[in-house]
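This document starts with one chain, in the form predicted on its own, laid out as structure tokens.
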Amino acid sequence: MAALADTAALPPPRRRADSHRGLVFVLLAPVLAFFVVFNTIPLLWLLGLSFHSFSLTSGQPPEFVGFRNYVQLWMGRNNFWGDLQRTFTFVGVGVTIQTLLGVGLGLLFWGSRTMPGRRLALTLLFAPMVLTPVATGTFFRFIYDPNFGALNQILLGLGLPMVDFLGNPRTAFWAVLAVDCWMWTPFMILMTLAALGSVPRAELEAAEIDRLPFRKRFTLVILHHGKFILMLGILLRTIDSFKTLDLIIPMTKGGPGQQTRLVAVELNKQAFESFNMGFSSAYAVYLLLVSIAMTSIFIFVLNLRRRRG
């Protein structure tokens, strides 16, 4: 009888489920409100403004022009396609170098756990990732300085001629790319160490007992378990490198000419220097679509490999 009384005292299952859903909604409400206020509304405002001609300095209200801003961009206004090609080169070469160096150095540190000073070396290696890009760009602008920069002083000491790294159109792009690789290779080292940490130790020991060469151990064991984390790191670096701005502004401001003018630099110029808000909004929508396309490709490749696995 007591058990029956306890059972009768319990609330109906439907009421418990409703209260559970209500609790979930209450917990998610602040996150949803933040997302709507700071993401959805600005995105809709940006999309609507892209169909207008509007300048903050003209004193005139926005004028609806339809798809004119998009057509002008598609026709190559302000060398849009040249900037986009230059950005893809920056992203492709930079992320490839950072991934190769990150994986190589990550394997080196992972395999030398008993090396003296390993923790200190890792701490110093991760230091560039902690610095702000503006400070890093300013720092390397002085290093690259053709008159008193440390790099040119080293070249003089070796009997080589001085080089204006940031003023020469042939070297400016690669000088900025080298700084980006110096700054973000530690991130790929960190992702590599995280990927290696996800590999079961038993499988590694079995591979060592079977005397598999390192190449097969890397492809069959390490890469099999850590590829998701590595792909995630490559995806994050690709998206972040596509938006590179605060590193270039203190170093070259997009020059000399247009050699280091990436799409984020031109977007910043149109929006916050020329105050051409309608055109810059269309520019931003184009870049948003490109970012979504790149992310979709990465996710498709990752899911394809997972299904094959």
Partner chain sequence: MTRSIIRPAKPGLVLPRRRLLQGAAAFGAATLGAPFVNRLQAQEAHPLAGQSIQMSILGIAGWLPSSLGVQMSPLFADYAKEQYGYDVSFTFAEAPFADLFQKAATSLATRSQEYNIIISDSQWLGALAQPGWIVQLNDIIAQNPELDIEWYSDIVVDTYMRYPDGSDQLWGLPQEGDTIALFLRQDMLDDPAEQEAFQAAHGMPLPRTFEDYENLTMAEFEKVAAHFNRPDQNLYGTAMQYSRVYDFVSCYLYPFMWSQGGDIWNPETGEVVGILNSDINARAMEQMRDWLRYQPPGATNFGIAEIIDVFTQGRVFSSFQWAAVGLSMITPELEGKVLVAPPPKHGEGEAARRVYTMGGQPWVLNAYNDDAHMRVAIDFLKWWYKPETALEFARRGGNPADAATLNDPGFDAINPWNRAYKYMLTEGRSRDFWHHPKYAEMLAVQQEGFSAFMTGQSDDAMGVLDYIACAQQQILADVGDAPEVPSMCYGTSL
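Note that the structure is predicted; figures quoted are calculated from it, not measured. Residue numbers count along the first chain shown, from 1.
We do not show the form predicted together with the partner chain, though everything after this point is about it.
Engineer: From the candidate stretches 140-148, 215-223, 202-210, 96-104, select the single one in contact with the partner chain in the predicted complex, where contact means a heavy atom within 4.5 Å.
Structural biologist: Looking at the other structure, the answer is 140-148.
Engineer: Find the only residue in Pro42, Gly48, Pro62, Gly257 having a heavy atom within 4.5 Å of the partner chain in the predicted complex.
Structural biologist: Comparing distances to the partner chain in the predicted complex, the residue within 4.5 Å is Gly257.
Engineer: Just give me the single entry in Gly197, Gly92, Gly111, Gly167 that has a non-hydrogen atom within 4.5 angstroms of the partner chain in the predicted complex.
Structural biologist: Only one listed residue qualifies here, and that residue is Gly167.
Engineer: Report whether the minimum heavy atom distance between Lys253 and the partner chain in the predicted complex is within 4.5 Å.
Structural biologist: Result yes; Lys253 sits at the interface with the partner chain in the predicted complex.
Engineer: With a 4.5 Å heavy atom cut-off, would you call Phe34 a contact of the partner chain in the predicted complex?
Structural biologist: No, Phe34 sits far enough from the partner chain in the predicted complex that none of its heavy atoms falls within 4.5 Å.
Engineer: Would you please decide whether Arg77 lies within 4.5 angstroms of the partner chain in the predicted complex, comparing each non-hydrogen atom pair?
Structural biologist: So Arg77 counts as contacting the partner chain.
Engineer: Can any non-hydrogen atom of Leu28 be found within 4.5 angstroms of the partner chain in the predicted complex?
Structural biologist: Although the partner chain is absent here, Leu28 would stay clear of it in the predicted complex, with no heavy atoms inside 4.5 Å.
Engineer: If you apply a 4.5 angstroms heavy atom cut-off, which residues in 251-287 are near the partner chain in the predicted complex?
Structural biologist: The stretch 251-287, when checked against the partner chain in the predicted complex, contributes Thr252, Lys253, Gly254, Gly255, Pro256, Gly257, Gln258, Gln259, Arg261, Glu266, Lys269, Gln270, Phe272, Glu273, Ser274, Phe275, Asn276 at the 4.5 Å heavy-atom cut-off.
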